[in-house]
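Just one chain follows, in the form predicted on its own, and it is written as structure tokens.
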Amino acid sequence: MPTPLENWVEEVSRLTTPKEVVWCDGSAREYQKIVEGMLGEGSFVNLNSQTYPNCYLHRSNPNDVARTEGVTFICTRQKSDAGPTNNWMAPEEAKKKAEVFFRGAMKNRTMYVIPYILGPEKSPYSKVGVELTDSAYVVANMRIMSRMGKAAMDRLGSSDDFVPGLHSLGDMDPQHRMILHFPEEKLIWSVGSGYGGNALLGKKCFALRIASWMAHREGWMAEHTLILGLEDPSGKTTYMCAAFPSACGKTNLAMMVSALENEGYRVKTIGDDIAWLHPGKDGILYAINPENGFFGVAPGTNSKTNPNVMTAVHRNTVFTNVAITNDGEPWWEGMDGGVPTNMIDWKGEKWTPSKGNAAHPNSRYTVPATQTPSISKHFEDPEGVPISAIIFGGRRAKVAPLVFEARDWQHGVFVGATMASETTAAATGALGVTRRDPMAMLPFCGYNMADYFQHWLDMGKRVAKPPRIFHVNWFRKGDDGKFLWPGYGENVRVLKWMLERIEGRGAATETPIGNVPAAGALDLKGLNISDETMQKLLNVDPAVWADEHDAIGKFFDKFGSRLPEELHQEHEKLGQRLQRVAVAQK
């Protein structure tokens, strides 16, 4: 008797009419066959086998280089369940529209069946997904990003407990592009895009949008956060999650080479992008990384910003939309050394400086996590790691201080719900525009965000020892437009202060928005930074925050009566504290 998976594969085959169906086993032999096929058709380019063994370059269609939030939909029966921050389409309408693009879409193409596990293979919190795709590029990347093939089939057996995802390149017409999520069915459809987040359905589509819906109903959390361990001089490791919008430094922080290594502070990497958190029996939240690789932004990555990933990507890596040098090596803006004189750009054309960027601003690398020198020995722990702090942050040139601590869990949820950042190249649209991005989940929350805020509030009550909550801003600028904080490896100084706060030792000064480090509380030894600059970095300007308070109120208005009352209370309290400071300064 056919299994539920076999029945679904047959159903999709009738719709898409592929020339053949290949069930992926995840083996090295299979991967090599996929690579050889892509090299033969020109969709993969071999890189220098001496300096970048088993590494390849892929160029996507120039109209398909980033997440396309405008055609990404949450398809729930009730529009209110998708909420005001998501694009909504009724499930029947969505399927009717997409079926037109899927019908016969795989004619003369191979349909690959990709069973995969999100999370450590033996973790009780891991989940199985299956992606059907006509893209060999997706197969190659999913093998890096997940536990793919036989292990997933062994875990699934004849069960129907998997998240099905259907993907086709279609005709690559942007007008025919749709990324559809059906949370009530735990189903994903994506057509018309071959770009990472739109095509690797195990990533944002399953691990965040569908998983967040599942987590809300099952009592856990699916979050757009890195997971790192900060080891102190005694050898004790404290684990933290950090939620930043895409291209705001999550990967660099997750793999940071600490500026305080000589003092014994080292960072260990569990994950750079997504965390699934579950309440432990001891009253602590534990986190696993559902992914098995890193799909990182290449531009700006170098031996200063992220030496660990620069080591990792020199083998077994797929590069997307980077440039290639005469020596057959990948290149992108911000890389070490000078700009090579002869390159082929990300479109496959001879590059000249007049053409602008040689690599696309959102070009990527896909690399196995275990190749990273900073990878934690607890990366595969089935139960995950205990989380002591959750950090929010984004790009704010003038508003947010370098770091502040929330007063308690409820206030911390307010801090996360109201965080904002200047937009980057990770999504289509204008750059440098400040937008509210709660918990860095604005593009990824699979249900009404007001209910998501309530879920956060409820989770704080479900654990006896909820993590401390902090907010950081590595991107504050002076009047000259230059960054005030050096960032990168120096960010460990801020993490050290957080660790001291968690342990009840770090000194802090109360402000209307939360607690900032007291004078002298940050370890600045060996860092050439003036007291005046530190004052600017930690300054909380009541007038600027009064405007921020007004903007938060307008954002909250989006959610109407569904917004949790606790967040209204926190908003009101912030206004009162700001008013008291303003009166005192007159």
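Everything numeric in this text was worked out from a predicted model, so none of it was measured. One-based numbering along the sequence shown.
What comes next is about the form predicted together with sulfopyruvate (SPV), which is not displayed.
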query: 4.5 Å heavy atom contact, residue 196 to sulfopyruvate (SPV) in the model of the complex; finding: yes
query: Interface membership of residue 471, sulfopyruvate (SPV) in the model of the complex, 4.5 Å heavy atom rule; finding: no
query: Residue 273 within 4.5 Å of sulfopyruvate (SPV) in the model of the complex, heavy atoms; finding: yes
query: is_contact(residue 295, sulfopyruvate (SPV)) in the model of the complex, heavy atom dist at most 4.5 Å; finding: yes
query: Candidate stretches 349-357, 449-457, 105-113, 188-196, one within 4.5 Å of sulfopyruvate (SPV) in the model of the complex by heavy atom; finding: 188-196
query: Whether 238, 268 and 378 all lie within 4.5 angstroms of sulfopyruvate (SPV) in the model of the complex by heavy atom; finding: no
query: Interface residue in the model of the complex among 147, 204, 493, 167, criterion: non-hydrogen atom within 4.5 angstroms of sulfopyruvate (SPV); finding: 204
query: In the model of the complex, the one of 213, 497, 444, 414 near sulfopyruvate (SPV) [non-hydrogen atom within 4.5 angstroms]; finding: 444
query: Residues of 212-239 having any heavy atom within 4.5 Å of sulfopyruvate (SPV) in the model of the complex, listed in sequence order; finding: 224
